[in-house]
Each structure stands twice: as structure tokens, then as C-alpha cells.
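Below sits a lone chain in C-alpha cells, taken as the form predicted on its own.
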Amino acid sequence: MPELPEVESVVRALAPALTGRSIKSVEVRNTSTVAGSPGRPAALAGRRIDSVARRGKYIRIHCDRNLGLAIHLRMTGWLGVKTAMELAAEADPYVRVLFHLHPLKEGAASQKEALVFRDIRKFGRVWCGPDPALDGLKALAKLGPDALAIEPAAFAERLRARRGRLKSLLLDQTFLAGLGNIYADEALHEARVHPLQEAQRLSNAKALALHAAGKGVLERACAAGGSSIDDYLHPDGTPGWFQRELKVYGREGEPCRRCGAKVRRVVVGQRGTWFCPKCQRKG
């Protein structure tokens, strides 16, 4: 599932391409993709796109008249702009929703384009409607503070207030929005913290070190365009490359890039978890 850096990369790519453009019409090819929308997708016809933003792992597209979109890519979702000629040539059966755009310039030479939501496994969601209703959706309303925006002291205080293993807590989107399996493992390794460490027992110094590690990992991953490990691709179809920099995630049995000990894998909360038993000793 795309995490914060991948979603941020999508937002950074699409914001300049979409801001100021208007939606001509909406074509829903798979109704389950828009299930649960607080408004009709067709209501976005004629609306101008004012901004493209991120909230945790969600993409928020704000239009005029307080209407918009909330999009979750889930496992195999992809969002990007394609021309009508590309769509016709590809005849892609996995395109689920199309937001046809008014051309940038009027005239016969202008190419018809659409914002395309493509999803192989149909797990992704595209919700449409008034902004307050979208912000009030259960999935968005319960999100914790953003993993890139939370201040160190606030992060440490939230850790002290919660029970449970650190790895599970870091994946809890109500605790911290945006962090997922890849970057939680990388942050814990960088901070030299064991994934099974109890959150309340973590020292303040270690909590601050984990905050700095998490923010640093996320910022570097955003700069690299995210990690293309399974299905994730940028809106232009190119992969991210931060997967080349991963220190522990997915590297069971390989040497730790810091100390040379073999990376171990355990399952925490039904999620694969990679760590170095030498660098990340449980306190």
C-alpha cells in the first residue's frame, strides 16, 4: 500500500497539472470504487480544481463551491492524467473512474485529457462530495496528526500516553497519519529502537530520536519519489527509487548496512517486520 512518501509524490506531480483546470464530466466505470461517496460524482462537472493536497495517505482535491474528492490508492490504485488518444489506444480494463477535463486552450489542436483512477484489485476508493462531508468521513475524521508535521515534543507525549508495541502503534493511523510498514521499520532501525519495545517504556531521548529518524526517512523518501516495491508508480508511469536505500525492510538474512549482523523478520500485528537484532536491542 502506498505510504506517505508515495502519496506525497503523487500530490506534488498532480498539483501543477490540475490546479486551475475544470472538470468537464465524470465517468464512473466501476461503481464500487465510489461507494460511500457523500455526494454524486456527476456534481463535480463544471467545477474548477483549486488545489491538490495530502492528508496522511489520502489525496484531497479541492474544487470551487466547497466540493471535492478524497482518494485512497490502497494496494494497486494509480492516479494520473492521460490524453483521450492514450486511453483509446490502451483500452485499459482497470480504469475505474475518469474525470474528463476541459482543455487548457480552446481549439482543434488541444488534446482532450482526463484525470484517471486506475486500480487492478478494486480496493482503492474515490469519494466525491462537499468538503465538510468528505472531511467527516470516518476514514479521514479519525486520522491522527501527520507524520511529517507533528512536533517532537507532541510525538513523545503521544507515545507516553499509549500502551502497546511501538511497531503496531506507528502503523495505527489514529496515532500518526501517513506512516506505514516500510517507513516504520526504517525509522525504528535508524533510531536503534526495537519494534517490540513498549511505547510507554521508551525514554524521552529515544522518543525524540525516533521522531527525528521518522521525519528524516520520510523526507528522503519524498525526495526520491517514494519506493516502488510492488505496484506503485508515479503519475507519469515512472517508479520511485527509495527502495534502493532501504536498510532493513525486505532484507531478511542480509547484512545490516550499519553493523553487518543478519537482518531478522518477525510478524507484528499480522505485518512483516524487519530489524537488526544487534543495532535494535530491546530495552
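Residue indices: 1-based, along the sequence shown. On a predicted model such as this, the values are computed, not experimentally measured, just so you know.
Form predicted in complex with the DNA: not shown, discussed below.
Asks: State yes only if every one of 74, 120 and 269 has a non-hydrogen atom within 4.5 Å of the DNA in the predicted bound form; otherwise state no.
Replies: Spot residues vs the DNA: full contact, yes.
Asks: Does residue 262 reach the DNA in the predicted bound form, with heavy atoms at most 4.5 Å apart?
Replies: It does not: once the DNA is placed as it appears in the predicted bound form, residue 262 has no heavy atom within 4.5 Å of it.
Asks: Does residue 105 make contact with the DNA in the predicted bound form, using a 4.5 Å heavy atom cut-off?
Replies: Answer no; every heavy atom of residue 105 is more than 4.5 Å from the DNA in the predicted bound form.
Asks: Using 4.5 Å between non-hydrogen atoms, is residue 94 touching the DNA in the predicted bound form?
Replies: Contact check for residue 94: yes, within 4.5 Å of the DNA in the predicted bound form.
Asks: Report whether the minimum heavy atom distance between residue 101 and the DNA in the predicted bound form is within 4.5 Å.
Replies: Output for residue 101 is no: heavy atoms all beyond 4.5 Å of the DNA.
Asks: When the DNA is placed as it is in the predicted bound form, which of 128-136, 81-89, 161-169, 203-211 ends up with heavy atoms within 4.5 Å of it?
Replies: Result for this chain: 161-169.
Asks: Using a 4.5 Å heavy atom cutoff, which residues in 51-67 contact the DNA in the predicted bound form? It's fine if the answer is none.
Replies: Residues within 4.5 Å: 57, 58.
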